[in-house]
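Presented below, as structure tokens, is a lone chain in the form predicted alone.
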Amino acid sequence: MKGLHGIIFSHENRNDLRELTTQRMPASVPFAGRYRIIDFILSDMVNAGITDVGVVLHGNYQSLLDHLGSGKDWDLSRSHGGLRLLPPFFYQTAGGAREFRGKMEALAGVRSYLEGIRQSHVVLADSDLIINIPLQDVFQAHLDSGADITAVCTGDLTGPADVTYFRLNDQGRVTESLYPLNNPAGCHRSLEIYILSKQKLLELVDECMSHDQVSFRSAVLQAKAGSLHIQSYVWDGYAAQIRTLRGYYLRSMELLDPAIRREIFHPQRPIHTKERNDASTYIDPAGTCCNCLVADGCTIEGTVENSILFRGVSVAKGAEVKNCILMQDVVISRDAVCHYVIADKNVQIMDSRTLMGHDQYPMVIAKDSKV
């Protein structure tokens, strides 16, 4: 889309994701068998025709760098524009570089990049959102409304607690932005996708920095709700903000529902990810695989039920895997039993081990561990 430029904010490590973010950012946490969380919003932008995307880095970002690379897998490796990885530091001090404290400070740190944007409008989005949304429709609604900012939100209030909520009037205009909120009844939950003009964005960045205001939520959405026309775009489809370990587990398990899979992996809006070529999955005639999401390159000789297996997972004879998420190249050895377990990449569960979690508190095995 020639009139729209994408900026994605990757998040600092969240303690609520525990072992999953020890060596990576939430944006690069594996999801849905072969993807990373950032793949979804990045693919939404590419599917809308956006050719220039900047990713603002933050925290432990090496895994994200390895995953995104040059952007080739999203058709964003270009001589002009394409994918740009923006630095995670706001400014340099005598004590070293300091990471940004909020979105406005992050944008101020890359102001020269903002000035060079070729498009008239910018979409700002978080990287922890699982959604397949036609952003071209959101952009058109923004243009039709004449709003200063269009904010994508949902009436589904079952998401994480640490989000922004909106109160809307009868015309869908945002009248209040609320955070935190113990009782969000009657509100809409922000999905942290915003569209505004490049000029308006630069004005807001300059004004916020001149007043040492670093947060987009407090300095713009809350402080300027009366002076800016902030229009809502209410999304009634599937949307999941992954911010806690329990949320990650429950949202992952929802993928076993074919209706949800069809909505997330819409055939006309494909989700792109880094390529890895594997052989077809092999299921032994004596093995069992029931109600599972299984990626390429797996070998299943034991019993696997109600689970998600990433690429290259091996389940040996006699092993039992139920209600688990096994990430890339996990090995479940002979006669091991795993229930409600999230095993990160390259984990090896040895012979005859028994690991039991609970759907409310799944057991997490850190990357490269041997149990």
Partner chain sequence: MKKECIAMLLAGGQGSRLYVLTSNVAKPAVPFGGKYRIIDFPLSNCTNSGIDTVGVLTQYKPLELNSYIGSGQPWDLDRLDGGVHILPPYMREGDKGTWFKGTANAIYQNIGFVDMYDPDYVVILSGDHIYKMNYGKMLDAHKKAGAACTISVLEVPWSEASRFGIMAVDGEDNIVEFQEKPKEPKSNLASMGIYVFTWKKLREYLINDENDPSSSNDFGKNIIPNMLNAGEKLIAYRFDGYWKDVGTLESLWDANMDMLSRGDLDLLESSWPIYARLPSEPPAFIGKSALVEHSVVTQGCEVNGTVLNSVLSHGARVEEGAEVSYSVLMPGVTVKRGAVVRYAILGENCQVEAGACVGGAPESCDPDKWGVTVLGPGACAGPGEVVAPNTMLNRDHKEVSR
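Positions refer to the first chain, counted from 1. Since the structure is predicted, the reported quantities are computational estimates derived from the model, not experimental observations.
The same protein also exists as the form predicted together with the partner chain; that form is not shown, yet it is the one meant from here on.
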| item | value |
| --- | --- |
| 4.5 Å heavy atom contact, E275 and the partner chain in the predicted bound form | yes |
| 4.5 angstroms heavy atom contact with the partner chain in the predicted bound form for R34 | yes |
| Touches the partner chain in the predicted bound form: T281 (any heavy atom, 4.5 Å) | yes |
| Contact test in the predicted bound form: L124 vs the partner chain, heavy atoms, 4.5 Å | no |
| Listed residue (L181, V234, C290, I260) with a non-hydrogen atom within 4.5 angstroms of the partner chain in the predicted bound form | C290 |
| Candidate from D137, D144, D162, D296 lying within 4.5 Å of the partner chain in the predicted bound form - any heavy atom | D296 |
| Partner-facing stretch of 181-189, 267-275, 196-204, 212-220, counted where any non-hydrogen atom is within 4.5 angstroms of the partner chain in the predicted bound form | 267-275 |
| Sequence-ordered residues of 41-72 touching the partner chain in the predicted bound form, heavy atom within 4.5 Å | K72 |
